[in-house]
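The data below hold one chain only, encoded as structure tokens and taken in the form predicted alone.
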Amino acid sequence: MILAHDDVGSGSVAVLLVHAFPLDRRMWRRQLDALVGSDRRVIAADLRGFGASPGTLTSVDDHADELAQLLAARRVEGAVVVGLSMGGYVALSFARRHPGKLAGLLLADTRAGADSDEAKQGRVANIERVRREGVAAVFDAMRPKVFGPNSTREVIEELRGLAAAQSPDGVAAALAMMRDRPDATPELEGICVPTTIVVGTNDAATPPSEAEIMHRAIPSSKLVTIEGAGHFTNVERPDAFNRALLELLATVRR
């Protein structure tokens, strides 16, 4: 069964949107509106275990392979892959495993490095929390790191509602996947497609220092810092995020 997804618009090169943890493809609605209006084909997928994609996976590579299978099923030869947070981890795996399908890359509020020991302990604690208290409790535990002083109540409540709708089993599997994912840093210098890295200045989960590491390592990449945004830049500052994405797309051959 292929991943649940939206496939809208038209174009020879698609934009593949890969969502953050612990959300689903609905987090991209502001980007879908902007991109369809720019005459682009856009595919927004629910990763396995999230949204309307049932089941679980515990390997970042398995998630990347499922996205490649989705593109094949939709007869897409090449895509600009946009990954935010967890979606960025999957996008980096996609870049390594399916370079022939990669036309461009946008990495938002994510990191290439593996989890530290402290971060791994936090993943384990959240696996226990989701089993005991549910997904909304995991989201609430994340809030100090992913939202800043400029984050609005409306945005926080919108994303909390998406999180609360997710499967505890899928979220627990994703936490294990993120805990165990390999360090992608050594592979960054091999990325040779147009690449933009986006980060919010108030993102304490994957701070601007992590974006700088990727920017320095990926040849000819562009770094876009969004002032006042937290971890979910595409939702908090959609105009700035969409501008960065459209500028990237303008450099990709169609």
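Keep in mind the model is a prediction, meaning the values are calculated, not measured. We number the residues from 1 along the sequence you see.
Here the subject shifts to the form predicted in complex with D-malate (MLT), a form of this protein not shown in this document.
*Asks:* If contact means a heavy atom within 4.5 Å, which one of 224-232, 209-217, 182-190, 28-36 is the stretch that engages D-malate (MLT) in the model of the complex?
*Replies:* In short, 224-232.
*Asks:* Do heavy atoms from each of A20, Y89 and R123 fall within 4.5 Å of D-malate (MLT) in the model of the complex?
*Replies:* Affirmative, all three are within 4.5 Å.
*Asks:* Is M142 a contact residue for D-malate (MLT) in the model of the complex, using a 4.5 Å heavy atom cut-off?
*Replies:* Close contact exists here: in the model of the complex, M142 approaches D-malate (MLT) to within 4.5 Å, heavy atoms only.
*Asks:* At the 4.5 Å heavy atom threshold, is M178 in contact with D-malate (MLT) in the model of the complex?
*Replies:* Looking in the model of the complex, residue contacts with D-malate (MLT) include M178, since a heavy atom lies within 4.5 Å.
*Asks:* How about S85: is it within 4.5 Å of D-malate (MLT) in the model of the complex, going by heavy atoms?
*Replies:* Contact check for S85: yes, within 4.5 Å of D-malate (MLT) in the model of the complex.
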